[in-house]
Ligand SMILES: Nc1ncnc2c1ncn2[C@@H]1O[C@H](COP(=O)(O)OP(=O)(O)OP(=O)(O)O)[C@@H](O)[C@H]1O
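Below sits a lone chain in structure tokens, taken as the form predicted on its own.
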């Protein structure tokens, strides 16, 4: 569905953030991207969705293809029309607008009639949103806002949904609800590129996973394989070495321990 090949991205013409990143998203499946803050995850998503120019960034090497369509030089609105929608970190709902207006804002690629039908379907799927459809979205709980943000992105009827930290700031039960929704989206045939700090949740949802550190992919593989990897488990699943600051440092400590023993 999506292929990123040897991608390099520079900000302000001098700061090299992505340094030859390659990954793929399977059709009708989930690919997750793990990594610490500052690794370049959001920059990669901006490159995919056409938002780099807003942040004074540009692709200097490599390519991104959606199906067989190159995306590198396309505007964000063109990319949405091609079938890619994004839910940004922090949800970014329009708090002053009603829930209904938020949903309709995500449907600008559809006719008014089709948008109305699609919105009504989401109200059936999320009754709590239907009950609050005329209330300002800013009055929703964090979990409800995340559901609204995902529903708004899905209003465009995308073939690829890009999610940036969907569990951020949510209670554990709400995280489980959001994970179930992501699984439901993937099961419906929509591909998903998921950036998520909660590695356990991300790997449980994904078919393929990538670990990004300092702008480079340092590990990739099937999600089940990454879940079973001792180094991944140690650093990303809460069993980390006290001094380790990255996945690569965990590998270093483990290799050193083996050598000393």
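Nothing here was measured: the structure is a model prediction, and the numbers come from that model. Residue numbers count along the first chain shown, from 1.
We do not show the form predicted in complex with the named molecule, though everything after this point is about it.
- Contact annotation: the named molecule lies within 4.5 Å of heavy atoms from the stretch 36-44 in the model of the complex, the single such stretch among 65-73, 199-207, 36-44, 220-228.
- Using a 4.5 Å cutoff between non-hydrogen atoms, residue 144 does not count as a contact of the named molecule in the model of the complex.
- Within 4.5 Å of some heavy atom of the named molecule in the model of the complex lies at least one heavy atom of residue 165.
- The named molecule is not drawn, but in the model of the complex it has a heavy atom within 4.5 Å of residue 55.
- Proximity of residue 89 to the named molecule in the model of the complex falls within the 4.5 Å heavy atom cutoff.
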